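Next up, structure tokens for two forms of one chain, structure 1 and then structure 2.
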Structure 1
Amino acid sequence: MKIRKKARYVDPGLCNACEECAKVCPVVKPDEFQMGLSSRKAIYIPFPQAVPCSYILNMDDCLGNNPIACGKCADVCEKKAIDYDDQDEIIEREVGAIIVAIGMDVYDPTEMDEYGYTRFENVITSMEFERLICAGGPTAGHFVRPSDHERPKRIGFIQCVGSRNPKIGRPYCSNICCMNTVKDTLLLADHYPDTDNYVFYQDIRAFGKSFEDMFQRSKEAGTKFIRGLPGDIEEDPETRKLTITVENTTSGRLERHELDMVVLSVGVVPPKDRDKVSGLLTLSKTSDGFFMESHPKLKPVDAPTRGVFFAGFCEAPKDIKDSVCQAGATASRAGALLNAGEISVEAITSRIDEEACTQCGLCAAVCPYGAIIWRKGEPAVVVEAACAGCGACGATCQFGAITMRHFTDEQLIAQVRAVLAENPQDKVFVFACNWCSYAGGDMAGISRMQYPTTNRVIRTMCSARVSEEMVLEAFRCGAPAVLVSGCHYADCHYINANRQTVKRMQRLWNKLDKAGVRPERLQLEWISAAEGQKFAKVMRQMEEIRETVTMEEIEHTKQALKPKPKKKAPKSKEAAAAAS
């Protein structure tokens, strides 16, 4: 594992946070910590309690790239902590467990133009509210409205901004916004008892320990909770007051409220860096975009990848208490793994029979791990410690030289034959990969989604394990329809082994077409572990396909796909094409 330690340009070991540097810095930039509500210099401390407690120089803002232009901060620094030539550093560390706690991003309400976040100064987000009410904020905790710095008397909170809204692709509940708003109303009632606070909501979800109590206290403090989400907001250009129009769904009446200020209670979204991290660690995500755990109830903090655990928001929206609980759980899970000292690797690795190997090298070309060593003129060799057991090599080898331990050709073919031994015309044959599509089937089961009973699923570790022979055998046994399913490209648990599945499917479709078998009877789908719904849908589609296949067609297929006598050695051209 490699970490890029970014250059700070200020040595945190020397810096005593005396602030002299920032006083002389001529560059003024919006302060990200204060949500841009105040400014900072190019050299700054992110916030007073920052850890490490040190200033940092943002080189993108600094003029000091060219020391002739500016070098003021270095001149005043008594500790000589500032180094314009500081460099990023690459740190390499081996680790035995990884905890992913990359958090979340806050929803940007710009796209919900009806609320005028970018048009009206006095419409702010709940994050900006936090800074405005905080003693360490830009106004030292004096809550004022941005347009005139006057204290607002009538404040409205709008809930579910960016949450529970399928129209903008955010159907999930962000979990924290209801209670955050309740907290905000209590803060206002405490600091400014004379303000009128309104909360516009669809449901108040006060489900946690002592939440209901807080909600009741807010009501007792005078907060008016109005059920209904506003349709739009208008601004009086003179007074900068805001008028919101809302259908009160309790009374059924259309109401208008004039307010000094509106707080958009914004939801949360999966973190920007999610895909980068999930690519590095082969993680999958739910339809909401948060990380998918190994089992929703029984392994809630384990990633499907062994040794990786989830803590906090990146797994699903949750509040601080739940984040802390989950973090403790991950520490315990990771600690158990580290304490064990060693783990056993499932005995599902590849083995090559030297005698049978024709030294074609195809297996080495398809191995995602580079675990097969092949030199021209020598039989290929598997490095067992590097092999993860996907079976891409085993399905590629046409000479029976490769045995996938515990997922042998014979075992899988025996399953195909057993399933299709009787009345094959009534069955849809399905190959599913352990990590995603099979787990997607499990998810459909856990969620009690119903689909036709005709499918018969067998499991391989990776869809790349499914050889042409296995698919053809299913058709030969009389299967009307066959599905090969695996992980989405980004989720493949064997780096990119499922690209071999795609290549094989192309060859199979060509082959079926050539043999006069309708290629539509063979289907390919990527189904993630979270996509129970897609699994059920695909099973319905497969059943529709099955219903179109006649007995005559099945008989014809059996004849058309009769195995040809075995080839002796691959033609070099074919070998090159298959490996490309």
Structure 2
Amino acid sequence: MKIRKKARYVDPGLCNACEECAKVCPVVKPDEFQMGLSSRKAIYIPFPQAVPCSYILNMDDCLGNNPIACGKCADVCEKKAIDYDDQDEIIEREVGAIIVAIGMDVYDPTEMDEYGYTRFENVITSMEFERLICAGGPTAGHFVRPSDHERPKRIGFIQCVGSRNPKIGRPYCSNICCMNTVKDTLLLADHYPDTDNYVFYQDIRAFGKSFEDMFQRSKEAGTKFIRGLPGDIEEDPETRKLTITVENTTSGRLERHELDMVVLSVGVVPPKDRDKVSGLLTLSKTSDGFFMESHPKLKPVDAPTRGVFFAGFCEAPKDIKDSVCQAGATASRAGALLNAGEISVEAITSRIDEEACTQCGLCAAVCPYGAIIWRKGEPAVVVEAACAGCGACGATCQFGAITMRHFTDEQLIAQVRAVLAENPQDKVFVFACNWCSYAGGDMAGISRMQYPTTNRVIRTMCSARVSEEMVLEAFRCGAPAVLVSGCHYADCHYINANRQTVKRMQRLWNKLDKAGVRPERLQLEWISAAEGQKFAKVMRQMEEIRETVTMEEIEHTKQALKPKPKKKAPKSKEAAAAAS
């Protein structure tokens, strides 16, 4: 692994944080740690608890060491700790496990301008509130309004800003906002008992240990919780007071509240570096943009890529207690892997026959784990430690050069023929992925849900393992209807392997249409392990399709889809020369 160590331009071993450099620096910039509520110099300590506790120099802000420009910080540094020529350093390390803990970002409320965040100075975010009330903040803990530095007496908190809002692409709950606001109201009640606090909310989600008790304490302290989100905020230009209009859904009345300050309880969003990290480590994401774990119950801290683990907000919104708990589990899983000495992989990986390989590289292109190494002019090679056995490569190879252990083409096609050997016209043939749709069928059975008994299910590790030939063979054997089912499109157990399923199904529908076979006889459905009810519903729909298929149609399909001679791998130049 290559790690970039960014240049600090200040030697932490020499710097004693005397502050002389910051005193003479002429550059003034907004302090990111203080949410822009105070300023910093070009040379500064990032935050009070920084480790090491030494200054760093932001070269994007620095005027440089040209004598005409500046260089003052280097002149006053007695330790000679400042080096303008410092460069980023690339460090190489051999690692056995990777823990992804890149955190999260906070929602920017500027796009929700109905709350006046960009127009009214006294509308702040919950993050800015934290800095204003903190003893280490820009006002040394004295809570004041940004407009006039007077203490506000009536404060309103608006919940779910950037959360639970599908219109802005944030349909999920950020988990921490409700209790963060409850904590803030308790802080205000403790420091400033004469303050009137109003909380405008959809639902208060106090599901953690002692959270409900905190919620009740806040109400007892005088906080007024109003069920309803404001639709508009107005400001009096003279007094700078804010007037909120809100429909109280509990009382069914339209209310107006005059406030000194409004705090927007902003939600959390996936980190900016998410896509870059995802590409480096081959990680998958859920529909809300956070990283997806290997299994939500059995492997909650494991990434689908072996040897990679998650901790904290990058996997899903969670509070401090849950983050600490997950970090401990992640350290334990990584430690178990490193202490094992040797790792064992399931016997479902792929193997490549070098003699049959045409060196086309298609298998490497479809592998979601990057487990196949291919170079032009050379046979592909499988890295078994990285292979998860999804089978996408085996279904893509048209020359039979790839064998999937325990899920070979011969085994699966033999199952197809055996299932449809007798009375195929009375059966619905189903290919189901191991992790989701097959488990969904189990859920339907365990729950005793009623659906037709005509379905016959073959289990594959992934829907991407189902090749075109397997589906066509099912139709040749007389199947009136075929279903290919797998994980939900954005939640594939094998990162994004089911995208290959979609491409393959599109080609199959085109082939069936050209052959005069109704494409609707082949269906594709996404069914999760928890969707037993959907599995039963899909089986009923497939039965309805089966009942519309006549024997004449089945016989026509058999003739129209007669197999063509199999492709043979072209001989390499060396093999051709040896044969001659």
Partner chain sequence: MAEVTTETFRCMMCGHEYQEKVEKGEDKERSCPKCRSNSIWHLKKKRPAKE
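Numbers given to residues start at 1 and step along the sequence of structure 1. Worth saying up front: this structure is predicted, and the values here are computed from it rather than measured. Basically, rigid core = biggest C-alpha set you can superpose within 1.5 Å across the two forms.
By the stated condition, namely the form predicted alone, the second structure is the one that fits.
Both residue 31 and residue 235 fall in a single rigid part of the chain as it moves between structure 1 and structure 2.
Domain motion between structure 1 and structure 2: the smaller of two rigid parts turns 17° against the larger, based on C-alpha superpositions. Here the two forms are laid over each other by their core, and the C-alpha of residue 414 is off by 3.8 Å between structure 1 and structure 2. Core-based superposition between structure 1 and structure 2 puts the Cα shift at residue 470 at 5.8 Å.
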